[in-house]
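Here we start with a single chain on its own, the form predicted alone, put down as structure tokens.
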């Protein structure tokens, strides 16, 4: 989940992989999952890595009628104790949301819950946070009406929102960028203009990676100078290590096969 600061990452919601996972949507990074049992082992390793970093993890049961249900990031936007429940950008994914919404209402107690309506569309994977600046991707899954509803919430909370147009060869903003720390954005060359993120606060910067390591640019920063990274992206790993971060490598090949990345599989709250 890319909308919480490091100091807000105490608990995480994930969801089990369904028996129907072989039918998950795939167009960008993969051609569809082939081995569900391997996917489940990789997902369990992800859960264990979060727990080893001190995160309390709760896993919802799979919904076998929804092949993409493990990608919980898209179903809720959690910002400073507020929850925005978007209308997902792909029709097949809309009914994944109710159990996630119910869980968050129950677990977050007095959190303010907002729901998108009408023609507004948004996937949580299109949102990235750097301090008090938020970036949202205008993509095939997130439209202008959805962006304006997000802007309304962020304005209420005193945060800035910047819009980035996502190129046709990418699914979400977090498919091609992440914040391994609260001061760094990791992004691949060739997808976005160098000024896409605008002027950043002092001490913050964008680090550009080679385009062949695009998938590796999706990371999860964790407390204690740790960061989850996908296995197989040596330049990303080297860059983060040189920054003094401890990288925790995960084989995510069967998650990538369904266009999923590390951040897709969790909601921090």
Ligand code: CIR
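Residue numbers count along the first chain shown, from 1. In this text, all values refer to a predicted model and were calculated from it rather than measured experimentally.
Just so you know, the form predicted together with the ligand exists too; it's not on screen, but the next bit is about it.
The ligand in the model of the complex comes within 4.5 Å of a heavy atom belonging to residue 125. Heavy atoms of residue 178 never reach within 4.5 Å of the ligand in the model of the complex, leaving it off the interface.
Mapping the unseen interface onto this chain, residue 25 counts among the residues with a heavy atom inside 4.5 Å of the ligand in the model of the complex. In the model of the complex, the ligand sits within 4.5 Å of a heavy atom belonging to residue 264.
Picking from 219-227, 51-59, 197-205, 64-72 the stretch near the ligand in the model of the complex, with a 4.5 Å limit on heavy atoms, gives 64-72. By the 4.5 Å heavy atom rule, the three marked residues 5, 82 and 154 all fail to count as contacting the ligand in the model of the complex. Although the ligand is not shown here, in the model of the complex the stretch 136-168 places heavy atoms of just one residue, 141, within 4.5 Å of it.
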